[in-house]
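Just the one chain here, laid out as structure tokens, in the form predicted alone.
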Amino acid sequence: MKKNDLYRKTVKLSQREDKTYSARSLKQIIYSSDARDFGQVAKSIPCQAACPAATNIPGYIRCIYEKRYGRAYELNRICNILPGVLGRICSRPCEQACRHGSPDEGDSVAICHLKRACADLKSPMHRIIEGFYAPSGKSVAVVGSGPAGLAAAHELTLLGHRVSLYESEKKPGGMLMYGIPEFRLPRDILMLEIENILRLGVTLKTGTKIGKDISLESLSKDHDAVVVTAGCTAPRSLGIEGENLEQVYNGLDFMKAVNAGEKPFVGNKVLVIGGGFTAVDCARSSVRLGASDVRITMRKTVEYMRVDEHEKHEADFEGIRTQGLVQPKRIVSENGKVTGMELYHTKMEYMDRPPWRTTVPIENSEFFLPADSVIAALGQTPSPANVSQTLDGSDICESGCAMEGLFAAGDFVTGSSDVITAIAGGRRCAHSVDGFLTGKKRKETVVRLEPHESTDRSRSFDFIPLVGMNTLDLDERMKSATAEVESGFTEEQAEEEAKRCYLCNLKYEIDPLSCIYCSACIDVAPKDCIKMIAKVEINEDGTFGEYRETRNWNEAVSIAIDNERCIRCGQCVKVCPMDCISVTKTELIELDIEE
């Protein structure tokens, strides 16, 4: 295939024979790299655009509705490799972008719970299908088996390279294994999905610390490329008096101890400092260790917590209090034991640069909170020096580092992020490594366009309320520290929630050459999504911009469907007398680049 800035390749596929009749028709499928198609996908499918891994969310939700759970699982796994894991612990940027959550549309679709549903409900005999390239004869070392490392190892293996995965701990998984409590992520689920990666031929070497047991330089000599995905392991310091007391923990070390089966002392009153997932995990784990009074404190307001509303609700349900606009001043002790913490009240002030809001302590506002233990869950930072003295952090990126053949990905590059972002970074890095090893770019992201029938999505689906997740009662949660709190959707619940999806990957278009401007489609549309257009703006990147509407028939150059507002009910298709409205399924896919 010739490489052009814009190209379209057409493939003709035959329709399968039906039992009742034999017919052979041609369906035209287009693979496009046109900027206008990419722009349409980004605007019309906001959930996929918000997902760092660009998961085909409407595609897998539709498969769940059709009870094709195995296919839904595979659509997930193409992009995010750990659907069963992410269906439990993803930070859910897609749900924040979901059109169903806009002010006049109700609650966002439970995209994350549906991801878990396809993993839970697929057949135990489901067969995972992987597309392998021919062996390249090249070997790659991946340092760190967290989400970024697993993603990089998986992708590099599929691309034909021999991969050795090095892990300093006894078990693979990184923060998934040691940083997240088992009541949120059962270890059998985690190990199952890790084994699905390892069994492709990845060699796992645990208990091996790069920079101590093996030098990075030695690793580089033994392999054709090295990918460092060592994550963030250096905890941020409080920088206050008393933080070195025995009953003061950093969040990561505390969770590692809990996940190893230990029972660190927490006492009855626990203060957790921080506003992220680790802070909430530490607080919920403290409750399971017997603490009766657990409080999360943070400098900003609760609305700025880096967790979703679901995690806030679970913490509140378990009796954990959250207090915003406070900042630690010092940890108070008596005879070497923590007795509490002195804090300032804070206020938020505007800034003229990101992050635009900051907090400052209020003078003479000190107050005291009693505590038996304090957990500082302020996050971690990358520690390049722990891997090699030759790395200082300034020359580390996914596309290559200062040392030839050395690459990095995940939190080691970006700083603390989330699992789905780390997975996306690991996959991107793997393609950079592949280009370095082969001298070629072997895959390209394109938009797949396929003719589609109008949907069977009923208007009544819009009014289905959000299906809540099934959870254990409070008493049941506390009987076992590892009991999984969420029990998943039933088939009926998964189908009901899947109905709510607007199927934004279906693009409705009106052919302006066939349209007779009868306005029947406008009259029947339940939403303000079909409009008379005087002009369509063109953005600098070549994508379509905003529609300039008109109510004057003399100014109208077209009637157009606004796919950002369309709810895919199909009413316009049914009433059109000229049959000039087409439906196209649009999907982002990775296409092999032909020589």
Partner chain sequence: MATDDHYVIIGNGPSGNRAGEILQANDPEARITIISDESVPLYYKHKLTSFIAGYVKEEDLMVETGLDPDRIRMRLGQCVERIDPENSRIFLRHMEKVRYTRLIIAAGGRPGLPQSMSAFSDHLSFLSCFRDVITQKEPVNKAEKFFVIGGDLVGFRFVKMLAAMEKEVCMTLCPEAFWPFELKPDMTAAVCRNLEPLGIEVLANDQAASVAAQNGAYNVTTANGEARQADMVFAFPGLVPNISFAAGQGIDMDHGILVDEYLRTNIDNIYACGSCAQIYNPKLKTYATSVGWPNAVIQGETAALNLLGENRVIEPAPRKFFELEGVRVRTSWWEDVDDISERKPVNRDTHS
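Since the model is a prediction, treat every value here as computed from it, not as a measurement. Numbering follows the first chain given and starts at 1.
Just so you know, the form predicted together with its partner chain exists too; it's not on screen, but the next bit is about it.
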item	value
Non-hydrogen atom contact Ala481 with its partner chain in the predicted bound form at 4.5 angstroms	no
Proximity of Gly324 to its partner chain in the predicted bound form, heavy atoms at 4.5 Å	yes
Its partner chain contact in the predicted bound form: Lys347, any heavy atom under 4.5 Å	yes
Contact of Lys209 with its partner chain in the predicted bound form (heavy atom, 4.5 Å)	no
Partner-proximal stretch of 422-430, 148-156, 284-292, 314-322 relative to its partner chain in the predicted bound form, 4.5 angstroms, heavy atom	314-322
Contact check for Pro103, Asn364 and Pro526 against its partner chain in the predicted bound form, heavy atom at 4.5 Å	yes
Sole residue of Arg357, Arg330, Lys205, Lys441 within 4.5 Å of its partner chain in the predicted bound form, by heavy atom	Arg357
In the predicted bound form, the one of Asp188, Asp456, Glu303, Glu404 near its partner chain [non-hydrogen atom within 4.5 angstroms]	Glu303
